[in-house]
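Below you will find one chain, with nothing else, as structure tokens; this is the form predicted on its own, and questions on how it binds or moves follow later.
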């Protein structure tokens, strides 16, 4: 029997639209991902354990915490999205660390993650994101759970360049790529895997 191979939501979909230089979308394939939901009354303890596990402060709110091994995104009260490099033990280790205080659901094969950058990115995001992404208001510490082109996404800013990351259900990857191509067409778009 052949080993199963992880394929990202954008595998084989790399291409250029227009000049290709306005927006760059890079798929982050092979990430381990989990949803963490604190048990009633345990949000503070869950945040503390997450912070202890990865070596940074985690808050119960729409904020991002990041280190070399993990990114923790606050997505709702007592709820986080946790990403790490592909490792079969990543989610199991998270479950062990949060035993008794939170539920941990493996999302590794269910998410498509893109890093978006480029000179025309702010113009592109204005076409689909209905929240204020002004750099003074939406910083690299912030996270938003919102919709782009009627697709539920988790959006966060990686740096001040700006580079944004967007995570969405893998089953919507082709629809989201269609929105990217249509919206970024005049500016140019390149979609590729990392």
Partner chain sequence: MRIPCPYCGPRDSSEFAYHGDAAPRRPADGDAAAMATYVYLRDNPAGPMEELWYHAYGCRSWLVVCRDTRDHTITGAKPVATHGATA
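Positions refer to the first chain, counted from 1. Please read these numbers as outputs of a predicted model, since none were measured by experiment.
Not pictured, yet referred to below: the form predicted in complex with the partner chain.
Q: Within 4.5 angstroms, counting heavy atoms, which one of the listed stretches 22-30, 49-57, 158-166, 128-136 is next to the partner chain in the model of the complex?
A: That would be 128-136.
Q: Within 4.5 Å, heavy atoms only: does residue 152 come near the partner chain in the model of the complex?
A: Within the cut-off, so yes.
Q: Just to confirm, residue 66 within 4.5 Å of the partner chain in the model of the complex by heavy atoms?
A: Although the partner chain is absent here, residue 66 would stay clear of it in the model of the complex, with no heavy atoms inside 4.5 Å.
Q: Whether residue 84 contacts the partner chain in the model of the complex should be assessed with a 4.5 Å heavy atom distance threshold; does it?
A: Outside the cut-off, so no.
Q: Verify the contact flag for residue 77: yes if a non-hydrogen atom of it lies within 4.5 Å of a non-hydrogen atom of the partner chain in the model of the complex, no if not.
A: Yes, contact at 4.5 Å.
Q: Sequence order please: the residues of 138-152 with a heavy atom within 4.5 Å of the partner chain in the model of the complex.
A: If the 4.5 Å heavy-atom criterion is applied to the partner chain in the model of the complex, 138-152 yields 144, 145, 146, 147, 150, 151, 152.
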